[in-house]
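We begin with a single chain expressed as C-alpha cells, specifically the form predicted alone.
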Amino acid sequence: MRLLERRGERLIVHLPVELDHHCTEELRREIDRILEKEPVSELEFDFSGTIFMDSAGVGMILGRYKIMRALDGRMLVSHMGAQIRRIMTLSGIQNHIPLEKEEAL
C-alpha cells in the first residue's frame, strides 16, 4: 500500500505501523512537497494500521496542521485505536485538531 493517496483535493496519509523518529522525517518531506506543488484542501492522517506513535509523530502532525491552517485547509485524523487516541489526548493535540473518527469516503 502506498502511504500517500490523492482523492480529489484530499491527501490521505496512510500512516505506518510505527510512527516514530525513524520514519517521520521522510514522511514530512513527502507531504510538504505535495502541499507546496498541488492543490490540497483536506489532509487526512489515517491511523488504521498504526499501533505506536512517539513525540516525533505528534510533532509531524502538529506541523502539518499549522501548514493546513495557513492554507485555509482542513485536517482530519481518522481510524485511531485506543492507544493512539490516548497519545493524541495526552499530547494536547485535541486542542487543535478534532479527534472524531471520520468514516472512509
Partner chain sequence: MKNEMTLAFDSISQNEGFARVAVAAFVTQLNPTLEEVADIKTAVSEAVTNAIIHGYPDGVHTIILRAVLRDRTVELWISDEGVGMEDVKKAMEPLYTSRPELERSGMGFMFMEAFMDLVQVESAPGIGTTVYMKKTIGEVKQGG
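Residue numbers count along the first chain shown, from 1. Since this is a predicted model, take the numbers as computed values, not measurements.
Missing here is the form predicted in complex with its partner chain; even so, the following discussion is about that form.
A heavy atom within 4.5 Å of its partner chain in the model of the complex is found for exactly one of Ile34, Ala56, Leu71, Leu76: Ala56.
By the criterion of a heavy atom within 4.5 Å, Ser91 is counted among the residues contacting its partner chain in the model of the complex. Taking the partner from elsewhere, Ile87 is found to have a heavy atom lying within 4.5 Å of its partner chain in the model of the complex.
At the 4.5 Å threshold, heavy atoms of His21 reach its partner chain in the model of the complex. Although the partner is absent here, Leu43 sits far enough away that none of its heavy atoms falls within 4.5 Å of its partner chain in the model of the complex. Interface residues of 58-79, taken as those with a heavy atom within 4.5 Å of its partner chain in the model of the complex (partner not displayed): Val58, Gly59, Met60, Leu62, Gly63, Arg64, in sequence order.
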